[in-house]
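What follows is one chain in structure tokens, specifically the form predicted on its own.
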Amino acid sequence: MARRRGLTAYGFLAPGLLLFAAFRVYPLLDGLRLSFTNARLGRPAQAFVGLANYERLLEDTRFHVSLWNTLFYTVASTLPILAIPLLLAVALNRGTMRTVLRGAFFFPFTLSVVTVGLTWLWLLDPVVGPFNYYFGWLVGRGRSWLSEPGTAMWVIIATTVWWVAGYYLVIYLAGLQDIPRDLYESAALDGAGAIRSFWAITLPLLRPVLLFVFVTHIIGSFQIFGQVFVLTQGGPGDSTRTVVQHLYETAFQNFFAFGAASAMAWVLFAIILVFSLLQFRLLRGHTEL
């Protein structure tokens, strides 16, 4: 009977496993194979080149710049994306009209990345953009936010925070709902205020949620592409070029070098894997999952 149940379970799982193998596992392994070849569009025969594509990355200065930009974006965006949705969730967890406000904050996340990018392009337009108009009214002159190397990446970070804050807000709210209310009532009887309750109760009990948000944000940050492609195309210069954009242009725009692009993808995969394992190792010891 147990064996029959096991076969039945595998029968139900089989369609999903086949789709996963066809559209996830096979492309992943085929990409690894391509990274050791000189595969290129229009070249029918693929020759094995060993580690040549990986060695070429060590000399590719644009890849180094894109990797640095990706790391900078990841580090600079982490604190705002962790903190802003958390503070909003705490404020909305008890406030009036919280359902309406949750919907308002979540709405940007329902938009596509192209819509978000075009919206911010209009808002920040140096001639007709309302944001630039009021900024110029306050300080006396406007700025070309996306044309200056010193501000372009920060605009991308601000756009991303505005876009995904609602998504993480909902996750934080779900975590807050699981915290027993009597803990706050007991803390209030002991004289604890809102700030002390936040540090002593809310933050420790939200650690699993924080770990989830932290890890998913880091993984997503290393793969940033859409916002950059719509807002700046990697410019000005290469100041906002990221690894995925460099990979995309290598594979599909400039060189059609699928072998070199696959090597970049696997280097990026290795970096994400290392960061994810480090995060779990550093935070799991203090977090009950």
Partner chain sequence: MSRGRDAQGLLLAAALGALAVLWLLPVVWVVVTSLKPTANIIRVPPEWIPWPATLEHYVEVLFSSSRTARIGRAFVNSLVVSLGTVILVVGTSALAAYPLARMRFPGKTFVFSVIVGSLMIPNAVVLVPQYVLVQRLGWLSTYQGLIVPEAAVTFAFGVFLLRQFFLTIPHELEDAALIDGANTWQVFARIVVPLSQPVLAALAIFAFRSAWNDFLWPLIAVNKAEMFPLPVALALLRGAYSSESYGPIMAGAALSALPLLIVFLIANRRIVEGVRLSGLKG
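Residue numbers count along the first chain shown, from 1. The structure displayed is predicted, hence computed values, not measured ones. Throughout, rigid core stands for the largest set of C-alpha atoms superposing within 1.5 Å between the two forms.
From this point on, the text means the form predicted together with the partner chain, which you will not see here.
> Does any part of residue 190 reach within 4.5 Å of the partner chain in the predicted complex? Heavy atoms only, please.
Heavy-atom contact with the partner chain at 4.5 Å: absent for residue 190.
> Give a yes/no on whether residue 30 approaches the partner chain to within 4.5 Å in the predicted complex, heavy atoms considered.
Yes, residue 30 is a contact residue.
> So in the predicted complex, does residue 69 come within 4.5 Å of the partner chain, heavy atom to heavy atom?
Contact with the partner chain, no.
> Does the partner chain get within 4.5 angstroms of any non-hydrogen atom of residue 262 in the predicted complex?
Contact check for residue 262: yes, within 4.5 Å of the partner chain in the predicted complex.
> Heavy atoms within 4.5 Å of the partner chain in the predicted complex: which of the stretches 136 to 144, 168 to 176, 149 to 157, 70 to 78 has them?
Selected range: 168 to 176.
> Of these, 82, 203, 183, 91, which has a heavy atom no more than 4.5 Å from the partner chain in the predicted complex?
If I apply the 4.5 Å criterion carefully, the residue I get is 91.
> Go through 4 to 30 residue by residue and record those having a heavy atom within 4.5 Å of the partner chain in the predicted complex; state none if no residue qualifies.
The stretch touches the partner through 5, 6, 8, 9, 10, 12, 13, 15, 16, 17, 19, 20, 22, 23, 24, 26, 27, 28, 30.
> Comparing between this form and the one not shown on the rigid core: C-alpha of residue 270 shifted by 2 Å or more?
No: residue 270 shifts by under 2 Å between this form and the one not shown.
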